[in-house]
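This document starts with one chain, in the form predicted alone, laid out as C-alpha cells.
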Amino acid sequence: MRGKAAGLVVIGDRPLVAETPESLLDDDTTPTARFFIRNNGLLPERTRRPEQWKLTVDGEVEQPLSLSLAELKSNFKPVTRCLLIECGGNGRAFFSPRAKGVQWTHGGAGCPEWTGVRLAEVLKAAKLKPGALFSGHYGADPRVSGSSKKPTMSRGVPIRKLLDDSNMIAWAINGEPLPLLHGFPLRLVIPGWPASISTKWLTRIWIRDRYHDGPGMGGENYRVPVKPTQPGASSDLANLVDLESMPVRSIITRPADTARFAAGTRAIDLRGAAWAGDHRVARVDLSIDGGASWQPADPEPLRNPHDWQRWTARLEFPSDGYFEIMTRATDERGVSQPYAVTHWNPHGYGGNPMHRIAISIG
C-alpha cells in the first residue's frame, strides 16, 4: 500500500487514511510521498484528458464560469506557494473518553509546495453578487458504496475566508501534477482551516446566499462547543459552532521519538515545525523537565503567508539517562498549546496537546 511504502501509518483503509510520523515531517517542504492522506470516499476514475477537466463556478455570481484546466492555466496567472493544510481531526487520539472518527495523533498535516491559480482571481472573474455569503465545494469522488448519485462530502466556507489571498485552485504539488490520491487533476487548497474544505477532484464551487447544507456541514460535523462540554456527554447542537481556524500546534521532527545518544552527550540539536491556523506563531518553547522550565526555540523565516513555522533549538542535558522533551507553541494572541486536550467534543476536532518525545543518553 502506498502509505506504508512511504513510511506513513495507515489508520483507515476504506476510505484510505494515513498519517505521517513526526520524524518524517522534517523537510522544510513536505515531499508528496510523505504528505498525509485523508479520503472520505473512493478514488474517482483517473481522467485521460486532464486539460479538459471542467470546473464550474455558479450560484450568486454575475458571470457563471465553466473553465477547463487548460483555460485556468491560460486565463489566469499561475502562482506557487508553500501552504500547510491540516485535517480537522488531527489530534483526535488524545481525547478521553475516545472521540468518534479516525484516531489521528499529530501527523494529519503537511506543507507541500502547490502550483495553481489564486482562487480570488477566479472569483473576481465570476463577479460575486452582494448576496454571496457562503460557498459549497464539490468533488468527483464516489461514496464508499460506489454511488456517485450524491456527493461524498461537500463543505464550504464564509465568503470572507473564500476570498483569502492565499487560497488556490491547484493542479500541481512539489512541481509535479497532483497524484490521484491528492486530487488529480484539480483541487482546492484553503490553508488555515480544516482540510476537508480543500476539496480534491474539484468540479464545482457553488456560491450561496446562505449557510451551505452539503454533506459534512451542520450537526456535529466539524463543529466544536462554545461552552465547555463534560467529556463523554451528549452534544447540545445549539452549543456547537463550525471549527474555523485550526488551533496552534508544534511538533518535534528531529530527533525521532525513542532516539538514543552516546554516553556523555550533553547537548542535542532539535528541529521542528509549528502553525496556528489563520494566526501567526509568536514563539515555540521546549522543556526537558515536565514544564518546570522552558527554553525558546529559534524561528526560521516564513516563505509566504500560511507556510509553517520551522524552528531549531539546542538543548543541554545535565547527565546521562532518560528524558522527555516537550514542545509548546504560542500564537500571536497569546494562546498556547495545553498539556492535555481540552474542549472535548464527540468527534474529536481541534485536539492540540503539546508534542512529547522520549530520548535516552548513554
Ligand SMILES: Nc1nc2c(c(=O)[nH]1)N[C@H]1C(S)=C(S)[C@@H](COP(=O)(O)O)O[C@H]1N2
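Values in this document were obtained by computation on a predicted structure and should not be read as measured data. All residue numbers are counted from 1 along the displayed sequence.
This protein has a second form, the form predicted together with this ligand, left out of what is shown; the following refers to that one.
In plain terms, the part of the chain that comes close to this ligand in the predicted complex, with a heavy atom within 4.5 Å, is 180-188 out of 229-237, 118-126, 180-188, 209-217. Although the partner is absent here, Met153 sits close enough that one of its heavy atoms falls within 4.5 Å of this ligand in the predicted complex. In the predicted complex, Gly136 stays away from this ligand, with no heavy atom inside 4.5 Å. Among heavy atoms of Phe36, some come within 4.5 Å of this ligand in the predicted complex. Not displayed here, this ligand is kept clear of Arg92 by more than 4.5 Å at the level of heavy atoms in the predicted complex. Cys87 is the sole member of Cys87, Leu286, Leu162, Val248 with a non-hydrogen atom within 4.5 Å of this ligand in the predicted complex. Checking Arg81, His106, Arg223, Lys200 for any heavy atom within 4.5 Å of this ligand in the predicted complex turns up a single hit: Lys200. In the predicted complex, every residue of the candidate spot (Asn40, Asp141 and Ala195) has a heavy atom lying within 4.5 Å of this ligand.
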